[in-house]
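Listed next as structure tokens is one chain, alone, in the form predicted on its own.
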């Protein structure tokens, strides 16, 4: 049997098993929370470990293993995984070169390509069916389906946790005391997922945005030196009003006033540039968070209403959205890097 046919059959078999499993097994789905959930009992140095952090480390491991597997047997004529990865890397590098140019493309590429692969795998990781059903069952003393705890209950609540397997939460046989036994989490318990896509954690997205905006300033300084920061605090136009004009003549009152007003406009624009730079952090973070989080919530809701067969088109849509969001993060970061270097270099050359 040809190798490609074996791979195709294996993929189709996995899809069929995934569909059948989700059709006949009803998983205990986690509650929808915006904040990443701390894992019960996971504390390192006083810092509680969240499920998004665990997934981020797992995504890093996946990328490292993928890179090792693709390069462990390098061939002059690539094939298999090496050929596939070289195609993706070459495509990204050619796009980076076309935008940033030959001088800055080698310096930009390692950062923007790493961001692209990390965001892409993070986005797709959260789409694995049944992944949200693997976690810890957490029970609260006074929490039940039809009971809302009071403030006093919350103060005295006791939390216990145990690892829950992805088993159906349907009624089973009665126990020794006549109480119904449930698989997975018991009534009144909620499941804390062990894995959560880092893209659905606002803190993780903010960290990526800090890397993007921070490296923009680094490349800007590399291109212009300390003069780069005049972009955010430009008073040269105001000072120009009190200096002689281009011909060396002393400015009159009208000329001084006009130059001073234009200098004030330049100063106001520079302040707006500084505000825009800070706004990039919010734009980066909430754009990625909103799109990926909304998609996963939609899939969780659909999973509780219909079998996986009917949700497959929506899963395909979210796969496409995850790819587009990773590409947008990559392109915007590359554009910011390029603007911080090429634009200011051309302005500097023109002034000289």
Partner chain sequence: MDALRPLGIDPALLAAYLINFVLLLFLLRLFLYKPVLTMLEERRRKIQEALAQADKVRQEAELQRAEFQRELEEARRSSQEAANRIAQETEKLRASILEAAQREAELIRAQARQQIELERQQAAAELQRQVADLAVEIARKVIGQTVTLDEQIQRQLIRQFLQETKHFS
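Because the structure is predicted, anything quoted here is derived from the model rather than measured. Numbering follows the first chain given and starts at 1.
There is another form of the same protein, the form predicted in complex with its partner chain; it is not shown, and what comes next is about it.
Within 4.5 Å of its partner chain in the predicted bound form, a heavy atom is found for every one of 71, 76 and 117. Shown alone here, residue 270 lies farther than 4.5 Å from its partner chain in the predicted bound form, counting heavy atoms only. Looking at residue 230, you'd find every heavy atom of it more than 4.5 angstroms from its partner chain in the predicted bound form. In the predicted bound form, no heavy atom of residue 234 sits within 4.5 Å of its partner chain. Although the partner is absent from this view, residue 296 stays clear of its partner chain in the predicted bound form, with no non-hydrogen atom inside 4.5 angstroms.
Judged by heavy atoms within 4.5 Å of its partner chain in the predicted bound form, the contact stretch among the candidates 216 to 224, 257 to 265, 272 to 280, 194 to 202 is 194 to 202. Proximity to its partner chain in the predicted bound form, defined as a heavy atom within 4.5 Å, holds among 208, 133, 137, 100 only for 208.
Note on contacts: among 57, 43, 324, 317, the single residue with a heavy atom within 4.5 Å of its partner chain in the predicted bound form is 57.
In the predicted bound form, 60, 63, 64, 67, 68, 71, 74, 75, 76, 78, 82, 85, 86, 89, 90, 93 are the residues of 60 to 99 with at least one heavy atom within 4.5 Å of its partner chain, listed from first to last.
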